[in-house]
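Coming up is one lone chain in structure tokens, specifically the form predicted on its own.
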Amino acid sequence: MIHNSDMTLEVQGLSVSIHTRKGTTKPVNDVSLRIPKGKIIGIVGESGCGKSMTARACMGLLKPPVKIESGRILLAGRDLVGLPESDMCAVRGSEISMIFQEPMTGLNPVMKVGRQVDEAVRVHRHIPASKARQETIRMFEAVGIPEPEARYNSYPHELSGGLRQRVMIAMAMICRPALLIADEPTTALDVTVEAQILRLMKELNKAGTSILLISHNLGVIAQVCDYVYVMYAGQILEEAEVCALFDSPLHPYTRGLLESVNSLRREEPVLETIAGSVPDFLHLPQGCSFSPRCGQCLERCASGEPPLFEPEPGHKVRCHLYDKDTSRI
């Protein structure tokens, strides 16, 4: 059993709402997840399911009309929800950092990348500019940036996508945070660079950094994660250790995701897909949010939202098919 003292981050019943003239949506709805010290935890799901919104809530980066409706976000036992912005600024970078999906959106296009990274270390560690520069160059070398001294004076547009992503990792790691959130860190990178970035993340994890990896790529999740949460329409539908999830998926949605990948590996590949699409958050179906797309839908699925069941120790699933009164699949 993992105790609270062994948790880097614990999210409890997090709900995020967006108020618009058309109505109120909940892109994150009662999400709970745990990131133990020294582990890599994955969140997987289709685009628009709430993965990135969950990450931004953990970073305190939500701005009106988006807000946290309820829940707690405990970083080493300290609740980040409701912290004044001045306190949250001290937490970001020093205790929790984030690699954004597209590095060009996280880097200032008119500022040299070296200055952007050493600015972070100067703010959080209060060291002189000369020492911050040395720390930045050492970190550039550590993340595999060639000719780190020369790259220090480069602008973002002068670097390839892979190098920009390494700069973002260097910026996120320069203050040695306890938790690194990586939001689709290998999107739009070629497979060689992707492998290098994933290898680097494993090395950072071995050095003691806990990681929350957000991806729609099941292959990436399988390579690096210890435990996985499957997200759909703002909710966690299934969670398990990575081997259990890939060997014995329980939820029809998880099975559909895996089947769409495995179908391409057959002798005669035929792309399997999940019918329909992620629902509009303004018009979510009653009951189970996945019920309109589910080939195993029961009558109760369309009327009552299922809780999380635990049919196997450590393996949880939000599906009426696993109710004790319902025969198992």
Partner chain sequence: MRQSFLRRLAESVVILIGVALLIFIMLRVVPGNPIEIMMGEHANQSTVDRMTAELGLDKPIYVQFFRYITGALRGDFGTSYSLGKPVSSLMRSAFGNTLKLSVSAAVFAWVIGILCGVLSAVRAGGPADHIFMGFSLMGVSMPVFMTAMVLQFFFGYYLHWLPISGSGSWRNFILPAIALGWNSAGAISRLTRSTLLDVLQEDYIETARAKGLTETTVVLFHALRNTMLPVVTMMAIQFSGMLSGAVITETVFSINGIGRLSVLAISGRDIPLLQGTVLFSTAVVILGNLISDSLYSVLDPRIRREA
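Computed from a predicted model, the values in this text were never measured in an experiment. Positions refer to the first chain, counted from 1.
As for the form predicted together with its partner chain, it is not shown, yet the points below apply to it.
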item	value
Q116, heavy atom within 4.5 angstroms of its partner chain in the predicted complex	yes
Contact of E158 with its partner chain in the predicted complex (heavy atom, 4.5 Å)	yes
Proximity of P128 to its partner chain in the predicted complex, heavy atoms at 4.5 Å	no
L189 within 4.5 Å of its partner chain in the predicted complex, heavy atoms	no
Candidate site I41, E69 and R72: all three near its partner chain in the predicted complex by heavy atom within 4.5 Å	no
Region of this chain that lies against its partner chain in the predicted complex, out of 296-304, 32-40, 279-287, 54-62 [heavy atom, 4.5 Å]	54-62
Selected contact from G162, P177, G106, P252, since only one has a non-hydrogen atom within 4.5 angstroms of its partner chain in the predicted complex	G106
Interface residue in the predicted complex among A207, C243, A150, M111, criterion: non-hydrogen atom within 4.5 angstroms of its partner chain	M111
Contacts with its partner chain in the predicted complex - residues in 118-155 whose heavy atoms fall within 4.5 Å	E119, A120, V123, H124, Y155
